[in-house]
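Let's start with one chain on its own, the form predicted alone, as structure tokens.
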Amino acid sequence: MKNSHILLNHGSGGKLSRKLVSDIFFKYFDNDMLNSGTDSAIVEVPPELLAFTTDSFVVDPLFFPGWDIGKLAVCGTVNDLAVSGAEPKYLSTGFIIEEGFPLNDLEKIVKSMAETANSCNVKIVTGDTKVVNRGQCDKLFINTSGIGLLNKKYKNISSGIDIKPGDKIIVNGTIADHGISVMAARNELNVSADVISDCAPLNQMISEVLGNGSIKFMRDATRGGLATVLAELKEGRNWGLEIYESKIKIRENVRGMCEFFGFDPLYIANEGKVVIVVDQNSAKEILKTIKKNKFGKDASIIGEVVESNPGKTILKTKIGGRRMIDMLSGDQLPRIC
């Protein structure tokens, strides 16, 4: 037990706490800023704007097809910075661990976080660990916060205030993969599906198109899915959105699972998809650039900004109908991120 599972003493601040931090966290998150062991990481930044974000991850199960809660935590925070137009640089991470959690599983998750951070060229420079009594936490919760450098010319991307009618809407691939993969991995569901989460860091792909200068807006379609991003985007605007169902890409096995359980794939979470609004004159060029990246090979233009239907998002269905897209009331899939 002492050698293989988390004990309450691992959170006491004593010898076991120090051993846990040195044997697992310092081992994988190794860098000069973290290894200094100070209460705050001291980082150098040039005279640019800073983007700062934080997120918590409580996915169930912790391991799912296409990675785990560790990769999810890093990708989620890196992507939140990247879609703001920022270059992700530094992350913090906080762990809330239930007594009795297997140390081997913790090490796998920490290693996954380190590998993902390295692939994003970001550093995990500070963190915290708390251990709670058995039953007071469901295995493991992770919080990550991130800092990125933001060039002033990208300041308006988060708000989308430069969007105008005629602009095109791009999504970098198939939707609903993450939510369905997590659902299929849950032991209580008697289902089997060859669906892999789309969990991925998008900062490199985004940096390849930012230089174009025609990006009006970006947001990653996580909880609430594609539909929620579109519903939030049009709120309070004097223009509307027109989306083409035929251009939204959904894998057949994902579509089948959604039909079987009665889910709308437009509202299911993604962890590697970004919604990008671009100037109409640059849309084809930007789409071509995105498609060259491995996380954008299935990208498509799914709609456009229109003067009609101000403040509304209209989906033009494959059979020629029209459907209004709004925010989901309730939650289709609990704890998918």
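Note that residue numbering begins at 1 and tracks the sequence as displayed. What you see is a predicted model; the values in this text were computed from it and never measured.
There is also a form predicted together with a further copy of the same chain; it is not shown, and the following applies to it.
Please state whether every one of the three residues Gly11, Gly14 and Lys130 places a non-hydrogen atom within 4.5 angstroms of a further copy of the same chain in the model of the complex. The answer is yes; Gly11, Gly14 and Lys130 each reach a further copy of the same chain.
Taking a further copy of the same chain as it sits in the model of the complex, is Ser119 near enough to touch it, meaning that at least one heavy atom pair lies within 4.5 angstroms? No, no contact at 4.5 Å.
Quick check on Glu235: any heavy atom within 4.5 Å of a further copy of the same chain in the model of the complex? Contact with a further copy of the same chain, yes.
Given that the partner is absent here, does Lys153 sit within 4.5 Å of a further copy of the same chain in the model of the complex, heavy atoms only? Answer no; every heavy atom of Lys153 is more than 4.5 Å from a further copy of the same chain in the model of the complex.
Asp138 near a further copy of the same chain in the model of the complex, any heavy atom under 4.5 Å? Although a further copy of the same chain is absent here, Asp138 would touch it in the model of the complex, with heavy atoms inside 4.5 Å.
Among Gly166, Gly256, Gly94, Gly100, which has at least one heavy atom within 4.5 Å of a further copy of the same chain in the model of the complex? Contact check passes for Gly94.
One residue of Ser112, Ser84, Thr174, Ser214 in contact with a further copy of the same chain, assessed in the model of the complex (non-hydrogen atom, 4.5 angstroms): Here the answer is residue option Ser84.
Want to guess which of 195 to 203, 224 to 232, 101 to 109, 247 to 255 is within 4.5 Å of a further copy of the same chain in the model of the complex, heavy atoms only? The contacting stretch is 224 to 232.
Contacts with a further copy of the same chain in the model of the complex - residues in 45 to 65 whose heavy atoms fall within 4.5 Å: Val45, Pro47, Glu48, Leu49, Leu50, Ala51, Phe52, Thr53, Thr54, Asp55, Ser56, Val58, in sequence order.
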